[in-house]
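Two versions of one and the same chain are coming, encoded as structure tokens; call them structure 1 and structure 2.
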Structure 1
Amino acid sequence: MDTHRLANPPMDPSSTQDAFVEWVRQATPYIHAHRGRTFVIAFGGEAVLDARFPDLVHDIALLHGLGIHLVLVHGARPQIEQRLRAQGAELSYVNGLRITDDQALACVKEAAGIVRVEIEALLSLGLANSPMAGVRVPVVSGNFVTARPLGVIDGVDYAHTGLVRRVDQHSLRALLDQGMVVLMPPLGYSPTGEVFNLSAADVARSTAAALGADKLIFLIEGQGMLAGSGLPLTLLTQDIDPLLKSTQLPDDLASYLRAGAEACRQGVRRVHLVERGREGALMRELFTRKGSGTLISAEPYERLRPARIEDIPGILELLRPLEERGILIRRTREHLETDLNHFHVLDCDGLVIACAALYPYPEEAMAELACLAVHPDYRSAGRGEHLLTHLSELARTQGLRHLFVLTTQTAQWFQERGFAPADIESLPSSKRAFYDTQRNSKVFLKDLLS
């Protein structure tokens, strides 16, 4: 058990248990979705030097235990620089690219070997009083990367610095299918027996693309690097080049963004940038709705679409808290099944995070907006307004002139978006016949043509 946590003051047991249960319930869909998937996780040599590195290894072991196929790509820059300094030398950079001479290459080989052994040792830990108790994580490394020299650029010979030429995807896939965790250093080999010093980001990107990985995850250095950069939570690949041209970002962060965009263009579904220094950031990114980093995707992460039958449980979960507070009228599953063709949802990677319904009254050229709800974790980001705009436009395309709502507690929100108070007589006759006088809902009307 984690002894430093035992030293903390006791908390209210009921609140702690409630939070734990809520976390497990929120994580369960992701656990099911990730099982059998392939993730490539890249981290720098700085992670291995951190005293908290065993915690990260424990999280990686947990991912393996949940049935996720893992490829780990590690860097070794601080270890290499430490050995060069001990010899009175240092890595040279020209135009942001490393020059790896014979002396540097010897340090690269030594550092990569030591880092590999340290990672393997932590993944082999099985003490009874540790998070790795009873766990066996088989690890394998090898010559999976064929590389070529970077060569001479603008008169500069980059010597043993190389680029990935090919990744042995068949061997990697066979090992992953056997339950192995594959460990890949920033090294590549040529058919002539040469060894090249590679960028860990290049190895990770190329490996993820070769495997058709579901996720490529970069654990980046620098506390607050993502938060301080002003990056949005999600980025589309086509947004990255304009972003890099218009915004001055740290070199490492910019290189991860370029690698992430290229990986998505090569077929990787999702790329995640996660701050390694934040406690538990990897687990929050993978198993919570909010995540903890920046997501890169070739396709929109959220989709606004008509509701489907499999969305009903998610819609019910959204509506239930509002029904219990009297904000919405209670609806049964049967009611939703009957009215499903009126509903639209915001889908966030398979989860329903917002919904709304549009009920047209074509004879009066009116429509009712109902059941507008956004999950608490996704509010304050314009999603409700996005649904309102979409359904307003949909009503206009149907030749309807007015949109109305009945509300008891959200009048101000609708007034701020162009709705004006109206009386019951302004409602369609069939709606007036079912008006609930006990609820005494206020009527608001919006002109769709103004």
Structure 2
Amino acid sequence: MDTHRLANPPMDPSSTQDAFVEWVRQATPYIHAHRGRTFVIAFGGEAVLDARFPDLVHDIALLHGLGIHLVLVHGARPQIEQRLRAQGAELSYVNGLRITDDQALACVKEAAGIVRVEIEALLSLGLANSPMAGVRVPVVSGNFVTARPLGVIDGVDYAHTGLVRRVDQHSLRALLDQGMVVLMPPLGYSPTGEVFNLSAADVARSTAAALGADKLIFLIEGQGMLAGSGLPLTLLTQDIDPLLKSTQLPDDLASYLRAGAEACRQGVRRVHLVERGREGALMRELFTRKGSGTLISAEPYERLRPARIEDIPGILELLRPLEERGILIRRTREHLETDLNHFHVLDCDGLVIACAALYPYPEEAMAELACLAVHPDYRSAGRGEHLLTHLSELARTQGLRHLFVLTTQTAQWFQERGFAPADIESLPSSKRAFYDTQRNSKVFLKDLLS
């Protein structure tokens, strides 16, 4: 999403207006879902050097304005290398791990200071007629990371290169609760007063784990890297090791995948890999159904479960267009609240993307399947059938023999899944009494035991 557009919505033509209104409405469930959550966002020093960095900072300010608790973790590799080159030196790497000698450490400290000041300056902008007008984003940085030396491995002394030992989650949480954005450099400190050069990915992963963050987002460099790598849109933690063994991926991408899997194992709910170079990629990932990057999670991204009271707005949103087209009969919010225990939903990262209800008629050993709906963006991938199978099984375990549906426009779909046409007389008597002859729905029946 482009915050310029939010500040100055296009006035004309009306189709653009409609798209704008549609966009805001589509983003609304995410705005509600993200409020009060904790996101750790990590990006490399390359982001800070990019002329479009202010756009990213505006997006970050917007996330803060939406009530999201934010921790920003930045790298500083190009800034460090630039300083070393100016001194005729360079960072040396052994087995993919950098060695930080005294000269390099001095450059790391300098670079981290410069990056911090630049981010703080951009978050302080408040010019009228800019996306930051009237915005106040307090930023805080500090000694929240305790580190230890990487030490000597295979005879190689990595000097001031370190690993995260502990993150002070209590101080971080207190600052986040006060509305601060926390900025974390790739540095850590030891109880003996030493400074260590850390990887931003290590700091981000450890911080997200310590805070039990809702999301850890890696803004990765290398445009087209995600698409080019053929990574699926969603990955389960358990799939990452086999994937890394079977596929040759760029080193950076592989290390983000490892860090992501580790973070999930340590309790972070979702890890997102997003290409920083793609315009608006972060906002698309956070506020659209399709997202823009790759998502890693410990449990399946989608879950079929009984509906809860907080699902009602999502169910209403799913059903409303179908009711308006006469495909489903209208249900009020009160009706849904009363009937909620009959509903099951497919939950995709906290959003209701499909639902169905099962109404048992134990005396006739029958059940009605009603309100089956899958969001248009998620159709034709077996979700409708998944819900049908699940509720059929549920009815069977309740000792019911037949499942029936009343439908006006979806007859064929049910027929292709084992339902046969039936007449109104075959319905349970209490259902028959309320049959709407004007609506003239067709009745279909399935024998659950055959």
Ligand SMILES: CC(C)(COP(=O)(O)OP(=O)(O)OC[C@H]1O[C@@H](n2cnc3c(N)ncnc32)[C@H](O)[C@@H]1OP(=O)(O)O)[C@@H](O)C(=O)NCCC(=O)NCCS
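Everything numeric in this text was worked out from a predicted model, so none of it was measured. Between two forms, the rigid core is defined as the largest C-alpha subset superposing within 1.5 Å. Structure 1's sequence is the ruler for residue numbers, which start at 1.
Legend: structure 1 corresponds to the form predicted on its own, while structure 2 does not.
Rigid-part assignment between structures 1 and 2: Leu198 and Asp102 are grouped in the same part by superposition fit. Superimposing on the larger rigid part's C-alpha atoms between structures 1 and 2 leaves the smaller part rotated by 23 degrees. Superposing the two forms on their core, we find that the Cα atom of Asp339 is displaced by 10.5 Å between structures 1 and 2. Taking the core as reference, the Cα of Arg325 moves 7.9 angstrom between structures 1 and 2.
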